[in-house]
Each structure stands twice: as structure tokens, then as C-alpha cells.
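As a starting point, one isolated chain is supplied in C-alpha cells, in the form predicted on its own.
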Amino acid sequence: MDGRAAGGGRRKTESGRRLSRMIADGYLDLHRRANEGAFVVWIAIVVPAEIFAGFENVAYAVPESHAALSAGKGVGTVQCQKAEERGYSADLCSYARIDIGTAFDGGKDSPTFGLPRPHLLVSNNNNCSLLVKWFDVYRREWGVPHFIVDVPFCYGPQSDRDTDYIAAQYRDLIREIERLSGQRFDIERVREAVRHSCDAMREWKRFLRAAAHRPSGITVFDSFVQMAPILTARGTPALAEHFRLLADETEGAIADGRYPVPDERYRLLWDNIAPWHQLSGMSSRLAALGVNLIAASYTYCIGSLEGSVQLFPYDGADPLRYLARIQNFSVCPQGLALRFEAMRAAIGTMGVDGVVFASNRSCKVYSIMQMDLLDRVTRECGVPAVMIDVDHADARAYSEEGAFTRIEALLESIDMKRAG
């Protein structure tokens, strides 16, 4: 949980302390392993990290996760400016600018001292089309091999043919790592890692279900913060244990009558990436209005298939095929119908009063369908919605007053709907 006491003050919960230790220890361990000779891979967030558990000494880093952490720590704009000074456009994704600014400045100003230099880059073209170009910057500058996973866009459930196609590329990736690192691959280690990830996702879904309680047992800011180790510790028993304890703690708080927004009057859903530079200020200001952002498409999709919010379990069979099947869990590579079906399910399951569509200056692929989604949500779900402007990591592209003027208008619409 994000640390708000029921009385409105700030307190550090055990899950918050444990999360801080996990993140800090994870980056320290990454640097240690790299210094001791591990084969280092930089990956995009939806590239299945469980594959690397199949090797004895392969460590992975996630530039997007590091960029989000940098923004949350208040240095995102500084790093963006470094990239811009090197000639990169301010219209590029702020994650890319943060990462490029950090990488070419030796990790200066980074909360993790940057990331260790990679031996291999692995991107994909379904979650974010910019990622291929972003990672290719390092291929050109450093001469590092770049493996691109090609994943078909989905307008419906993934076909068996597409699953086979993606899994075949994973096998190509494994052979490439074997060739470059000199290490042997063990599929049983991957199978075990996938089981740990699925255990973690089951507990993650239990944690998210606390949003259905009235008042909600969590805020969306809790899920934004707590999702971090999903990116950096996938396939580990520590991740599953953390989420088990997190869900237990959250259910315990509900049983004790402790809620993050005890005077909750409005239950809203957020559509887009978290505004990492605004988490504390936005959560406090919303709580003062009796508003609880209880859920987000960015977090409810984790552990699900396209068009759903339910957990997709692992059946114990071929782990590579399972990892291929869930490659489109993120909403970004989904067509409008799939995104709407998942959102409609979340609205109904969690009792959402209104939706905030955050048009993200950096993430075009996430934002491009939002006007159509807003129209369908208001017409077919009967739920008021509003569009605000934001950037997930560059504070210069966000107006707090502009955003809250629109959010307050949304609250008025909810009040009118209730009165009518």
C-alpha cells in the first residue's frame, strides 16, 4: 500500500518497506553480477524475463522501469534534458529520453547509478513501436547485438499460429544467448520461473480485488508503485512471496476498517501509464476531494489475456508457448474492441463511477484509441468520463491545475448522474 494512514497522515507500511528493499537490493545485485562477469541483457518490459532464468549467469535490466523510477525520484526532467542536448527531440517518449540521457552520461543523477552496459539488447514491436528505434541507438553507439521479437497486433484472441510464431522466436533468442554467452540453456529452470511468476500473478490479482470493496482497500497509486518488481524480479519466489504478503496486508487492513481514502465518495478508473512524477501530489489532492482512483488499465491487465481482467493460469506444459500466449497482455497491442471489453469488465466488477483518460504526450500507442474508448464508455457503460493531458515521466508536459479542472468537472457529472 502507498503508506496513507486512515487519518490522512503518511505512514510506511511493511509492504512499502519490503518493496523499497526489493528494488534497492535488485539494482545492487544487478550491478554486482555484471561486475562479476554475468551476461547482461537489456529488455523491453513485455519481453519474458523468465527465459533468462534458463541460463546459469544471465542478468537482465529493464530501461523502462529504470526510467519510471527516475521520474518518480524527481530526476526525469533532468535526464530528458540531457538527451535533448544531444539532439534527441522533445517529442520522443520521455522514457527513451531519460534512458538515453542516463546511458550517455555514465549514470550520473540516476537513483540506481544507471544500468550496467549490456551484451545484448532485446526489444519487441507490439507494446511500443518506438522501442525498436530506441534500443537501436545503443546498437549503433556501442555495437551491441539487438534481437527484435516480432509480435502480431491482435484484434481478437491470439491464434495458435501466432503463438507458435512467437515461441519459435524465443527459441531463436535462446540459441543466440547460448552462442554469445557460451552458456547452456535449461528449459526446466524456465518452467520453474514461470510457476513462480504465475504464483505471483495470482496474489497480484488478489491484491487488486481489494478495489472492489467499499471503501476500496487500495488506491491506483498503490498498484502503480507495487507493480515495480513485476518488471525487475519476474520468475523469482521472492516476487510471489512479496505479493502474497501484500495481499494479506491489504485484506487485513480492510478487516480492521483501515482504508486509504476513508471518506471515499467517487471511485474512478485511470486509463494510461502512471504519472510517475505526480504520484504523491495527485493522490493527496484527490483524497482531499473524496476521490479514490481505485484501478487502472495499466495494472489490471497484468496477468491477464487480451480483452480480460481475469488471471490466465499456467498449465505446466511448454513454458515458452505459455510465455508466447501472454505476450499481448498489455493493452497497447490490442484493438479497440479488446481494450473496451476489459475496461467494461473492470468498471462493472469494481463499481467505477467515472473514468479518467490520461492522454499521454509520450505514449502515442496507448493514447491513440482513447477518444473512441471514452465515447463507448459513456454510451455503453453509462459512466461519465473525461480526458486530461499528461506525460508519464516529463513533468514539463503536465499542468496540475488544467488536469484538476477537468477532473472536478467529471465529479460534477457524476453528481448530476446520481441526482438524476
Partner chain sequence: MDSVIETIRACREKGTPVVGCFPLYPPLELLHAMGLRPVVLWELKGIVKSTPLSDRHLQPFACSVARHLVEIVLSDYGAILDGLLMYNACDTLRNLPEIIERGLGAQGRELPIIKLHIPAIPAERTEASEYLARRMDALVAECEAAFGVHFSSERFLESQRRYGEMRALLRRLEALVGEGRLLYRAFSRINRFGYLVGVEEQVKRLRTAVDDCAAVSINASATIPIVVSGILPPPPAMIDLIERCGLRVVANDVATQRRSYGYQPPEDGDPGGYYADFYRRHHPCTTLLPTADRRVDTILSLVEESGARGLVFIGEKFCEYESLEFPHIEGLLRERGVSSLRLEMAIDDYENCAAFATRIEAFAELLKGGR
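Positions refer to the first chain, counted from 1. All of these numbers come straight from a predicted model, not from anything done at the bench.
The form predicted together with its partner chain exists for this protein as well; it is not shown, and the discussion that follows is about that form.
- Just one of G74, P157, G335, G348 comes within 4.5 Å of its partner chain in the model of the complex, counting any heavy atom, and that one is G335.
- Here is the short version: of V78, V137, I254, A247, the single residue with a heavy atom within 4.5 Å of its partner chain in the model of the complex is V137.
- Figure note: of the listed segments 259 to 267, 300 to 308, 146 to 154, 184 to 192, the one touching its partner chain in the model of the complex, with heavy atoms no more than 4.5 Å away, is 146 to 154.
- Every residue of the trio S89, L92 and I100 has some heavy atom no more than 4.5 Å from its partner chain in the model of the complex.
- In the model of the complex, L323 stays away from its partner chain, with no heavy atom inside 4.5 Å.
- A residue is said to contact a partner when one of its heavy atoms sits within 4.5 Å of a partner heavy atom; I368 meets this definition for its partner chain in the model of the complex.
- Within this chain, S362 lines the site of its partner chain in the model of the complex, having a heavy atom no more than 4.5 Å away.
- Taking non-hydrogen atoms only, A38 never approaches its partner chain to within 4.5 angstroms in the model of the complex.
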